[in-house]
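Okay, here we've got a single chain as structure tokens, the form predicted alone, with questions on binding and movement later.
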Amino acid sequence: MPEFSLAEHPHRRYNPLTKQWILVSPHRTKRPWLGQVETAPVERRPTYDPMCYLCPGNERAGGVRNPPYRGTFVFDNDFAALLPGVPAGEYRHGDLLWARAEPGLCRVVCFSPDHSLTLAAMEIGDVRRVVDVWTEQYAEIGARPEIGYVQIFENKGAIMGSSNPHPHGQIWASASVPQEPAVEGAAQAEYLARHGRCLLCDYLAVEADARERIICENEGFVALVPFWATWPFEAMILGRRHAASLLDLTDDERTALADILKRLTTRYDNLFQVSFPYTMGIHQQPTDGAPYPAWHLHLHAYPPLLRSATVKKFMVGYEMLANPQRDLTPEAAAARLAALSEERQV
């Protein structure tokens, strides 16, 4: 019998943050592809679009007009999924049917007045301003007594559900802690109780020693493909120092976060020579006032593409019914991303 190889043989990998498993089938990268193939032209956008409801001075829903902003711009989402002032209440039928009111709020963060830009195409100083705004919003919204969690994220590209290409992200704040950060928070707390150490601090030490899945790094942060990654070019950004939230970052660390964001998203664009779509968001400690010594600030990036800019695949079949599965190993994905230039070539 040949010796087992992570690079050659089907296997499952465990995610200690979610306590779930991912099926990895590296041998399947050799199969021919006969599925859907699409063209992927490089998108060239103007710096200002009179039809864009996020550009400076333009009209949004309900006749509201944007100010002539020159940097970042934050406003309450005109079509918010969460609303303040929701009356308290619940519906329950024994242990089978259960619903509870969920107040909250949603905001939009325009990264730049320039309609043509993305995080990858912005200057580091301008990305740093976005990081500052995220921090300010986390502090302001999280201080509200009715808010228990502040989720900051960006959907980039129509394939990821973004309705507008203008550079922007969103903030959804809710009374309760949403499912994914709640699961991660519980896992981190359990690890701390069992080992007396931070789960992600220990994990980063393992990755720093192995150096198989690191994409890029600086003095404050490391971007890597997690050992348990589900998406082919999924990435995680981890702070080198244990910090629970954006509020705990030093001035230098905020700049380092801006730097690593630009470097990672630039590599994404260079990977397939397109403006690469992704969902990216920040996981940090809840804002309900409770202590969270186990929480370690980190970011997740989930690009959907399977093999190239023209071949797309989503979770279907076995992945929806049984277990998430991937063909390209995290090590191979990290090697491809790490080998790319940090000068944007799209």
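These figures come from a predicted structure and were not determined experimentally. From 1 onward, residues are counted along the sequence shown.
We do not show the form predicted in complex with a small molecule, though everything after this point is about it.
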Exercise. Closest heavy atom of F272 to the small molecule in the predicted complex, within 4.5 Å or not?
Worked result: no
For this session: Using the partner position in the predicted complex, report whether V108 sits within 4.5 Å of the small molecule, counting heavy atoms only.
Result: yes
Exercise. According to a 4.5 angstroms non-hydrogen atom cut-off, is H168 in contact with the small molecule in the predicted complex?
Worked result: yes
Exercise. Does any heavy atom of R45 come within 4.5 Å of a heavy atom of the small molecule in the predicted complex?
Worked result: no
Problem set entry | Y14, S25 and W231 all contacting the small molecule in the predicted complex, non-hydrogen atom within 4.5 Å | no
For this session: May I ask you to choose, among N155, T266, T255, T72, the residue with a heavy atom within 4.5 Å of the small molecule in the predicted complex?
Result: N155
Problem set entry | Partner-contacting position among N164, S116, Q137, S176 - heavy atom within 4.5 Å of the small molecule in the predicted complex | N164
For this session: Among 217-225, 140-148, 156-164, 90-98, mark the stretch whose residues have heavy atoms within 4.5 Å of the small molecule in the predicted complex.
Result: 156-164
